[in-house]
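Quick heads-up: the structure tokens below are two forms of one chain, split into structure 1 and structure 2.
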Structure 1
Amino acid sequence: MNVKRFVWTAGLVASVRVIAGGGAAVAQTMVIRGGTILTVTNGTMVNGDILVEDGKIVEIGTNLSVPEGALVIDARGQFVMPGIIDAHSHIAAESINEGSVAVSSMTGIEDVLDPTDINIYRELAGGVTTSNILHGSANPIGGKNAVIKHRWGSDAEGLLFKGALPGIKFALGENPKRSRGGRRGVPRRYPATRMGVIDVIREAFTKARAYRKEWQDYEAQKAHGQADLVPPRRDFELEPLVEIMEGKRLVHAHCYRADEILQLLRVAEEFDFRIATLQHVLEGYKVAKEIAEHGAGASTFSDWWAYKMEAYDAIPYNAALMTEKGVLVSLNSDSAEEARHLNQEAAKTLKWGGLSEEQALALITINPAKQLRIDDRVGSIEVGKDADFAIFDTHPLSVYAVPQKTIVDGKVYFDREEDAERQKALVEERAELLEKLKPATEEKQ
């Protein structure tokens, strides 16, 4: 049985389809017909068709046959691109900073995901299909992340991008060194300086390395048949750090200044792991060569700067300059509002840096997918990948482009025409209800 409920918030009315038996959307056979397909990795196909079955892309071509009972989406005159991926988001979560401690790696966003956050739907209306939900930046080492798909109407478990490599948030600079400091009656938390931030990270990994050796020694003794062994006490703060050193968990590090970027890269190399992504990384253009040599990705803003002291040296050429130096670059939002027009943020790199259209689109599709290690599933339109698409009425890098439909796993989660119809119907329903209340109101008067 399908049940529809309606969410009213900030003037937006969105319908939520909840499928009995867990809220999971049901994939169906679908053909997207006659659109200009921006594959991102394999060029552009004009008047192309895409066949989707069971939430996967099974065929791309022209004049594809339509299976019986398939949903046909007429995309003639429109542009079909991979679903947009936001590599740095805080939607569907509240109170994301556990700022009472310097290391909060025992906490995790998965525990607080809110599937009813209207921003999930609003970002679908901007073509976003996948987001990396991060802990805040109050801590040198923060909490674990959660990669989600925008399956609006599902429960929290249904949002999770199954198979995505786990990650964790680090932070450098002003935020971790000042967090929870200065309040009357509250002791100032260490660290209070930039060098203290790096010390916290190094000390935490020193402890994690010793903790890993304890377990390695225990497992070795156990393998040799030693009886009556007592295992080491589990430490949920250190276990995620051991996973980092073993390549099982990605580090997403909030940073701004070039000197601190280099400090973090050196600490990572000291403990024999690599930073997956430098987040914000506004002075990345100054040390792009070193970032590329380390193998870190960079997820930056298109043109945000001067909103605090450590952002004063940011420039709009940052993404292009790092790209030219061989860094894997993405553009992110860090904002529920910004995420609704990441296509336009990507377009700015054509002007500020002269990137090609394909390079610009890669900044919000295949590049963040690679940074999150999910590029085998999403980020481009290829046979075998998840059927995640954003369909625009004109080229998505145009300032005039408006998303018409957003599809996740072969299911339409946003349709602009249907949304307008629902809003109109609900406005009419509200008017009818108010009209019915009039006699009672007049009688009281």
Structure 2
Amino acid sequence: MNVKRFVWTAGLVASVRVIAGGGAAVAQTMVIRGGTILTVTNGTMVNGDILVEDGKIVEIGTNLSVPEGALVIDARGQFVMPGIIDAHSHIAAESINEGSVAVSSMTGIEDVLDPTDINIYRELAGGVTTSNILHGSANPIGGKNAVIKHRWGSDAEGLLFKGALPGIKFALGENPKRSRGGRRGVPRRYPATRMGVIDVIREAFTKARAYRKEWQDYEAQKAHGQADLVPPRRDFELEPLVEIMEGKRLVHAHCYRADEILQLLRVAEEFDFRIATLQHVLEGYKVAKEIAEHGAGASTFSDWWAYKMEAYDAIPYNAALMTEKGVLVSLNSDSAEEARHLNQEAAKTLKWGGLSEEQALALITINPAKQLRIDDRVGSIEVGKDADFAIFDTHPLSVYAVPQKTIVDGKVYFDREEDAERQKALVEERAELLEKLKPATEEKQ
């Protein structure tokens, strides 16, 4: 029985690889021909061509000549947009929350990346090419993030978006408050109130400041040539916090209510750093002025509300209203499902808040790229940027838009037609496997 189950599972796993075309993508010179190009930063080009070499965009224009041996992707009648960037994701990771302590900055997603998570592929099939994989929201200061590209088929290291500024997760409100408390057999853990949450963050940075001073003193003494110096003991909890204060690590802070948002901005200012992004930030529209003044980005849901008390004042106008008030806004998924139609989520801001098409598309491309400080590489269709594209059969802000191809670094990682063929093969393979199982099952009975 066990052996049979193993064979069965092994067969399926092998099939999944086949079905999703893992590792098949090859970088080559490519021309995407004749599509309507939504550059996001530089308007729309009808019947445009994009020339890609070595994974980068080298030319955008009309009637470009095709270099010999180049792969031609026929996008006539289709819409080409920059690969979608999801600023808040929890896919491709073996674990998400180290919630046993209130400060888990010593942990990081990079250590637990899972390149075999099928959601990497499923999201490619929704046009997503870059994701910010975040630690969970169990504690006020969570673990370090990993920005990845959806290079399905590569190993964990191959997923990493090299050169992206590192970040870390913070969390405010109901989640860190309730974590580890009240469940059977699980000890309660400080904090249990919003007072405690903000205190944990302030205490941690107070310690980090002292720790930084220890090192600064040590380095100063060393520079003066003092002998027999003992360096301070390294502290992996405080090191990332020092990096935050030095502007080397981005804070992505999960938050809901306007009051807690404001408290966090003020604590950051107290320690002389800035919050890179407020995540979820469902009441951000209430304090958009303060968020803009602080300089934080805001990454929110399109229209989720009322699933908990702190989401009761969530409104689908949030993204548009914060944009109107001068905040750099993105839309994120926080869900392997929602990520597959971020283009539709962006479309909701056309009706709820009246954003323009270009503003709506920016919410899922150039804006999250700016928030993650990778906008020199991705987020728009410009010469010199990475060749990351999502190709749809109609305008991606339509409910009827179906992703056709998704390209990362100039390689096709998702092709709808090829997928359909692989699906067919899988159905046949499954039937064969079931056939093989049949006599064994009968014997058992």
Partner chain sequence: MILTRTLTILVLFSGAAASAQDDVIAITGGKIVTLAGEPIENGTIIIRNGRIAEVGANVAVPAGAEVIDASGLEVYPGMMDAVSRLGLTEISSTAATVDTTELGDYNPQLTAATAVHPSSEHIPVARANGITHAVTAPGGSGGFGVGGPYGIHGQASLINLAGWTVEEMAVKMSVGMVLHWPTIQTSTFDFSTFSRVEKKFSEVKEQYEDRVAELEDWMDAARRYAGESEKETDLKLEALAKVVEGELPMMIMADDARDIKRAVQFAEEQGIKMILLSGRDAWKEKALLAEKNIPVILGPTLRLPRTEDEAYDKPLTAASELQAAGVRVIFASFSSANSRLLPYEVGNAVARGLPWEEGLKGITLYPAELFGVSDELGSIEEGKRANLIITDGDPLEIRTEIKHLLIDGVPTSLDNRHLELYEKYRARQ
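Small disclaimer: the values here were computed from a predicted structure and weren't measured. Rigid core: the largest C-alpha set superposing within 1.5 Å between the two forms. Structure 1's sequence is the ruler for residue numbers, which start at 1.
Working note: structure 2 is the copy from the form predicted in complex with the partner chain; the remaining copy is not. Annotation for Glu421: C-alpha shift under 2 angstroms between structures 1 and 2, rigid core superposed.
Aligning the rigid core leaves the CA of Ala431 displaced by 3.3 Å between structures 1 and 2.
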